[in-house]
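We begin with a single chain expressed as structure tokens, specifically the form predicted on its own.
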């Protein structure tokens, strides 16, 4: 399949992992073409099959015809390729700070996302237990944020970009679990409002109601 643009992002509009890629490119000031992949369809497109034949998943960054897959791998690639000329660094300069940021992104992808899945699929008493677990993990991240504007301090960076797409599901969590996120995690809520003022975030994050509706389909929520 012929790719005409120098930089292409392939994703599904409701896939937070791909939102990360678009936010990172926007922060770097990189012009890109966006191609929508309908994840509600059974069959993946020919483009996805060609560019990611192993996982057959999105997001995919296609740079000069060559694919880069997996969102965190893509974020690090973006940070290495588009640097200089005033472009912000996504990862911290300090090796220890980089390791800490990567640790918490791993926590989001492997612990928080799993807890989200259990919560959205749960019912009855099990839902309450899953809700408590999910909120506890958000509180852990809130402790990491502390009183800072961003997880990177004054700089919106790697961990912020990896985490902020999840905020588009906060309305869904509240509706599904009958609680107020602001009351449980006020500092995270303030962080979300701050991030939402950034053009990169505002341009990419979808409507929370639409996000919840599509997740109801994915998770079989009545």
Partner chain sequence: MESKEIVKVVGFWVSPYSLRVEWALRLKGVEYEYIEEDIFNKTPLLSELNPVHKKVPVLIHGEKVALESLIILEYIDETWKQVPLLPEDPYDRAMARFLADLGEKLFVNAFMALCSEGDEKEKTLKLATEAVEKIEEELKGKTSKFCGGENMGYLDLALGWISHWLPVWEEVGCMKIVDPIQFPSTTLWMENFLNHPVIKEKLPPRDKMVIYFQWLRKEMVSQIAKYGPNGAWAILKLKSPPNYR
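Positions refer to the first chain, counted from 1. Please read these numbers as outputs of a predicted model, since none were measured by experiment.
The protein also exists as the form predicted in complex with its partner chain; that form is not presented, and the subsequent description refers to it.
Of the candidates 195, 68, 48, 169, 68 is the one whose heavy atoms come within 4.5 Å of its partner chain in the model of the complex; the others do not. Judged by heavy atoms within 4.5 Å of its partner chain in the model of the complex, the contact stretch among the candidates 186-194, 52-60, 172-180, 36-44 is 52-60. Taking the partner from elsewhere, every residue among 76, 80 and 140 has a non-hydrogen atom within 4.5 angstroms of its partner chain in the model of the complex. Among heavy atoms of residue 114, none comes within 4.5 Å of its partner chain in the model of the complex. Shown alone here, residue 148 lies farther than 4.5 Å from its partner chain in the model of the complex, counting heavy atoms only. Taking non-hydrogen atoms only, residue 119 never approaches its partner chain to within 4.5 angstroms in the model of the complex. Proximity of residue 102 to its partner chain in the model of the complex: non-hydrogen atoms within 4.5 Å are present.
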